[in-house]
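A single chain comes next, written as structure tokens; it is the form predicted on its own.
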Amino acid sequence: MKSALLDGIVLGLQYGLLGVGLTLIYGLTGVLNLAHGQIAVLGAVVVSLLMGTGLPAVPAILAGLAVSGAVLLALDLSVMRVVYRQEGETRILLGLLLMLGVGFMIDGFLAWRYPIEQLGLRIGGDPISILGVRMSTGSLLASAITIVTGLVLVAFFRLTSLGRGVRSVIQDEMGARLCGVNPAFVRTFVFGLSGVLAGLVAVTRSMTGPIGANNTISFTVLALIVAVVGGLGSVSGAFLAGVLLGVVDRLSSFYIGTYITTIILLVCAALTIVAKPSGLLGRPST
């Protein structure tokens, strides 16, 4: 039981970071990035390929994160411009179809070119006892990276001018524009940031198990569940929902079995929509 709880927290932190990138894009554009998991795995595959050539882990990871960010950055600067010119339901539908198509393209490319390529970062060191439970060094390092990233994001959004600009555009784009904030620049920045965060999730997950092309859809589904439960557009809600869902995931696996875990997480999302449509920390729509 205690082991499942700790494993759930470790997993939940990564779930939360996975949901942050998706919820930021939705908060700014009203578009759900259905290629989020594919972007994450693409970064992991790049890291694996670079390490296979003999490049050290840290430079390879930085390059993989840069590729993940660059792909979303390129999308924002090209085809997404068509989406931004639309309003209401047309923007939502066009954005969904576009990002779904991008996801299929990346899936097809990975399945064709790198079907068995996987990233598995082996972290040395003996297990460390936490509350009487022996935790692997990889799990603890992944958690530490995720926590530090979360704290940096919180500080960025609260203490920097750009971070406050992002928050203002999410809350009221027209008001932010009147205050001198450039929504187009903010969107471009957030798209790049979202890609980097997606790649980072894949890298941290690879510290506890291999990540490859077969993880793309599951990553996207998990990001959607976390964003819905936490509240679309809420960064803090994504982390809270991630931890809660991570614990639910591990407990259900412990008591029931892994075969039904995804169904239980989907039920949690459905119950959240019924009980609190705006999510745990999301703002109610008006």
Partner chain sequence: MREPVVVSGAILSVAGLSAGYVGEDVIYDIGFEVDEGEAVTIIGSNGAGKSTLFRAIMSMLTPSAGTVRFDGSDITGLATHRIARLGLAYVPAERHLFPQMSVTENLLLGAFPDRPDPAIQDSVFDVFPRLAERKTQDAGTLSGGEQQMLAVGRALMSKPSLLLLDEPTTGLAPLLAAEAYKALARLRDDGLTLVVAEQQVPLALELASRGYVIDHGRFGLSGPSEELAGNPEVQRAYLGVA
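Numbering follows the first chain given and starts at 1. Every value quoted in this text rests on a predicted model; they were computed, and no experiment measured them.
The following text describes the form predicted in complex with the partner chain, which does not appear among the structures shown.
Among heavy atoms of residue 124, none comes within 4.5 Å of the partner chain in the predicted complex. Contact annotation for residue 150: none of its heavy atoms lies within 4.5 Å of the partner chain in the predicted complex. The partner chain is not drawn, but in the predicted complex it has no heavy atom within 4.5 Å of residue 81. Contact annotation: residue 179 falls within 4.5 Å of the partner chain in the predicted complex, judged by heavy atom distances. In terms of contact with the partner chain in the predicted complex, the residue from 212, 138, 165, 192 that brings a heavy atom within 4.5 Å is 165. Just one of 175, 120, 101, 108 comes within 4.5 Å of the partner chain in the predicted complex, counting any heavy atom, and that one is 175. Of the candidate stretches 73 to 81, 89 to 97, 153 to 161, 108 to 116, only 153 to 161 has residues with heavy atoms within 4.5 Å of the partner chain in the predicted complex.
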